[in-house]
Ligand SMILES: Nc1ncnc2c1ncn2[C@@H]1O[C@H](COP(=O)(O)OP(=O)(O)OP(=O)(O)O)[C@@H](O)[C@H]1O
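Starting off, we have a lone chain in the form predicted alone, written out as structure tokens.
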């Protein structure tokens, strides 16, 4: 069996905001197609900055960012626009357009950038809403009329219909959601990774959510990679940075271990 292709690769990336100390220091990791990786760390550790570097919103001060074997660090805006078509992004609040209906939000890219008729776009929107387990009856509703979980799923539908992505990036996708909505969103994220062979990065503070969806974990501590690996390796790590981060979650980890043997 051939090794999966790396869709995302950071090589010795260092980055600082103007006038500040480095937010990321010599960060390296790779994520192959079909694998989900959760990036964890304290607030201000540089997690969300990684997503912005992948999207080309920032350029590293040193090191390299590779997307689907393309070295994008020195790409022009036009070149980056083409690379971004391979990526879907879901933000913490869904980032839907408040003035557009659900249907218009999901079909926005096709309406603006394709030759499809309105009827054809609407059919694609219906299909995508069905995929994310939402009724087509919500197409004419406004985002503010939806629950937080529904808004998150609409945002995922929009990302999928816009780009047919090879990569999905999620920034705190379950923050503020009730447990049932969180479970629905997490299940959908996992389904996308497995069924569509998508490389997935999730930035989250929700440790239990991370356990539910991650193949591997990256822990960022003060801008550096403190850990990159599987859950068993995370649990057995003797690195003081890892031990300090995991301490508040020890009870949850032990409970999960007991359930595995029931």
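Numbering follows the first chain given and starts at 1. Source: prediction; values computed, not measured.
Keep in mind the form predicted together with this ligand is missing from the figure; the text below concerns it.
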### Query
Every residue in 17, 42 and 48 with a non-hydrogen atom within 4.5 Å of this ligand in the model of the complex?
yes
### Query
Counting only non-hydrogen atoms, which stretch in 51 to 59, 192 to 200, 29 to 37, 225 to 233 is within 4.5 Å of this ligand in the model of the complex?
51 to 59
### Task
May I ask you to check whether residue 216 falls inside a 4.5 Å heavy atom distance of this ligand in the model of the complex?
no
### Query
Does residue 23 make contact with this ligand in the model of the complex, using a 4.5 Å heavy atom cut-off?
yes
